[in-house]
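The chain below stands alone, shown as structure tokens; this is the form predicted on its own.
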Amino acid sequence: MPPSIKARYPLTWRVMDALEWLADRLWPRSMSRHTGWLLIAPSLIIVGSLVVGMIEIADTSLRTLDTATFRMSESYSLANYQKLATSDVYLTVAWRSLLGAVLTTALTLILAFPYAYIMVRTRSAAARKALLICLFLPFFIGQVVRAYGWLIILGNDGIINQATGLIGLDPHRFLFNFPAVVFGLVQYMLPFAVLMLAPALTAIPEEVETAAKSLGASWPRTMRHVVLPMARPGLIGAGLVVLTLSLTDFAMPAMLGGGSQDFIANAIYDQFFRTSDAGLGAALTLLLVMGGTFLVGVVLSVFGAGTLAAGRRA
């Protein structure tokens, strides 16, 4: 190679050539037909680890705790599942978790859709940046920190009660009840839903809305008959994410519920770390996994896998 050309050869190209040479030595071209398996190997390892973990949990769920020795039994039985099916406490916890997840999903989608729509359709760059900043700021604050913030704001001596006290109103109990848990979950899940709705709304051309209006459709009718049906993949995807995350949430029920509004995740924690009953905790874990899987299956069976762009297009 002439010196003038060699001098112009960028350093980054040389690094890429070195990496290509190293890759060719580690993974010869004769193995190229197996490259696909190499690329998905990390995913297979992660999924395999989850499967092994679920098998271990299923095995533990069939063993009962000996309260005399605090050891798990060697024999298998369905005692843990019978206890869950006959206990009013765990049935109440399961129902509360399901109801809280459904309410959180519905309220989150109702609030997230107009936010995402305005963020996508606004023509002001400053307004779009402001909406994006407000959207991403919560990701820099952990869920526990946000829950503590609501404890300060909504507490008996919090900012809201102090403000209402100035006009003569008695303090109101905003915390340690079911609405407080749902409120905290909605506030936590809102950014996730907006992020999943924004691409779906971006993919809808503005010309479609303009055409609907030119044909005499009002803005509400355009939203109902044009935008919402076309945004259905984003709505279903966001709903599934919010539903599963809410169903398995631990921090909000524990902190904003004050121990009286536990979800299934809180009950699992209590069995594993407070009562040391790993068998019952494992049974609750399988109940949570099967419940979440069933809900996702129902949604996909009703709306179809193609709703999430996973099926064939007509």
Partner chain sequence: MISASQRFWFWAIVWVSVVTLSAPTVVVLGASFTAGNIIAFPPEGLSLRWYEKIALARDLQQAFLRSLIVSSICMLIAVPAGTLAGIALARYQLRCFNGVQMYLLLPFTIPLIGSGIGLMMMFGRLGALGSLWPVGFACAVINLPFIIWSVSASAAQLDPDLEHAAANCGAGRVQTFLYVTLPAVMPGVITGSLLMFILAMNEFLVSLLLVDARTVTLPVQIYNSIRSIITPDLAAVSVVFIVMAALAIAFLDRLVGLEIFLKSK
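Residue numbers count along the first chain shown, from 1. These figures come from a predicted structure and were not determined experimentally. Take the two forms, find the largest set of C-alpha atoms that superpose within 1.5 Å, and that set is the rigid core.
Form predicted together with its partner chain: not shown, discussed below.
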Inset, instruction - For the three residues L78, L240 and G257, verify that every one has a non-hydrogen atom within 4.5 Å of its partner chain in the predicted bound form; reply yes or no. - result: no
Inset, instruction - Name the residue from P179, P171, P199, P229 that puts a heavy atom within 4.5 Å of its partner chain in the predicted bound form. - result: P199
Inset, instruction - Could you check which residue among L132, A85, V89, A106 gets a heavy atom within 4.5 Å of its partner chain in the predicted bound form? - result: L132
Legend entry - Heavy atom of R121 within 4.5 Å of its partner chain in the predicted bound form: yes
Legend entry - Distance check, F70 to its partner chain in the predicted bound form, heavy atom within 4.5 Å: no
Inset, instruction - Spell out, yes or no, whether the shortest heavy atom distance between E56 and its partner chain in the predicted bound form is within 4.5 Å. - result: yes
Legend entry - Heavy atom of R221 within 4.5 Å of its partner chain in the predicted bound form: no
Inset, instruction - For the stretch 261-292, return the residues whose heavy atoms include at least one within 4.5 Å of its partner chain in the predicted bound form, in the order they occur. - result: A265, I268, Y269, F272, F273, R274, A282, T285, L288, V289, G292
Inset, instruction - Verify the C-alpha shift of D66 between this form and the one not shown: is it 2 Å or more after superposing the core? - result: no
Inset, instruction - Take the rigid core as the frame of reference and indicate whether the C-alpha of G259 shifts by 2 Å or more between this form and the one not shown. - result: no
Inset, instruction - Answer yes if the Cα of Y76 shifts by 2 angstroms or more between this form and the one not shown on a rigid-core superposition, and no otherwise. - result: yes
